[in-house]
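Only one chain is given next, in structure tokens, and it is the form predicted alone.
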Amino acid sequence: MDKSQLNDPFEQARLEKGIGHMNDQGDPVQMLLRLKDVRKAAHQWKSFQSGGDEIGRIVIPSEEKIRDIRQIPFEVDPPEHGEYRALVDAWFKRPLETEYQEKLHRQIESLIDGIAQMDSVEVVSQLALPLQSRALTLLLNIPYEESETWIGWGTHVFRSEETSLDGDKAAILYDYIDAQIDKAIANPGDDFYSVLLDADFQGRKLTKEEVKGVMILTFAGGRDTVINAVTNTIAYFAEHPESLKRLKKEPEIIGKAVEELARYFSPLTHMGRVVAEDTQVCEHAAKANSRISLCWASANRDASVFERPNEVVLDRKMNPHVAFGFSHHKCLGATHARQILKTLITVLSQKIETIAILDSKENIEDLDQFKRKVGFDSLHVQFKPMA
């Protein structure tokens, strides 16, 4: 019972120094590892910036070489960040609506019903990727059938099996979004593209490039993270069937379970910031124009904050995790991601008796000083439906 376990490679460095070090394409990065430091730096946007002239640099690995479109509002700092975010916040809160939740439930229930009858299921490609792609049609308010195109892109829109930064693959996404924006300009509807094109921003309409920036973030930001979360969740319930049974008996704690699984698995390891001026992080010098990373995965295992941090406590009462980021740039799609996990767990607890892991291949991130398991490249399981 250890395939679902995600160890904490940051523990020793977090305790001893509070920081770690890695190199990203020749660009050194200081990694903040303690929860208090991660939260503090995330809030101090004037010192640790998301915007700036170097588009794509705050992502790790940096995407400077594969895109020149600013992801909005992700790569914009306050106060402009807040103005952009105000345009889209209500749209991204739609997963709280009953009709949205009912549609998502039907999607996930249909998917689970189908794979529960199969002798073997590869969770990444046959469950997590279709689930994420089909749910995205709800978020964008576009036809369900469009998800088949996105499923064909694989688990990441900027990466392939051969390379962690694939410019050709990224171009597929950019060309696709350009075509969809042109389609919405010609025939406006009630989809997200049309809503953005019709939005008022600082007394004007958004430019096509701004709309594209929002859409790139929407497609890229929640793809592999949701897939990691779903796949890790399946592995966890396979090795802890008693937890699935408990959630069936106590559905009122499913919301807490979602938060705890997000904390424990931390589907996104970290996110970068650019240092605006000479300063210090954890008493270590940080030069202007250097990079730091806010290591969510390390912060979420900080024993000074979380009791039994390396265990999944489904009904954890105090859980100030940062799996969805923190402060100004807290994940825009967090409501959608939470609803996906909540619905998935609900359906699994109602329909699945046990899950058996048949085979797996771990996805290990190489962060120089650290090697972190983020999930699985493949996970073959067999579902046993309720009698």
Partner chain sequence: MAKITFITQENETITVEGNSGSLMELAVNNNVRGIDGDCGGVCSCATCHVHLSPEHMETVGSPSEIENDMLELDDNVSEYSRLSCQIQLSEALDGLVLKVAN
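Residue numbers count along the first chain shown, from 1. All values reported here derive from a predicted model rather than from experimental measurement.
Absent from the display: the form predicted together with the partner chain. The rest refers to it.
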In the model of the complex, R106 touching the partner chain (heavy atom, 4.5 Å): no
Given that the partner is absent here, does K93 sit within 4.5 Å of the partner chain in the model of the complex, heavy atoms only? yes
With a cut-off of 4.5 Å between heavy atoms, is E259 one of the residues that contacts the partner chain in the model of the complex? yes
Just to confirm, F326 within 4.5 Å of the partner chain in the model of the complex by heavy atoms? yes
Heavy atom within 4.5 Å of the partner chain in the model of the complex: which of K36, K361, K65, K351? K36
Taking 4.5 Å between heavy atoms as the contact cutoff, choose which of H240, K248, R316, H81 touches the partner chain in the model of the complex. R316
Only one of these stretches, 23 to 31, 56 to 64, 326 to 334, 352 to 360, has heavy atoms within 4.5 Å of the partner chain in the model of the complex; which one is it? 326 to 334
In the model of the complex: members of 37 to 67 within 4.5 Å of the partner chain, any heavy atom: R39, K40, H43
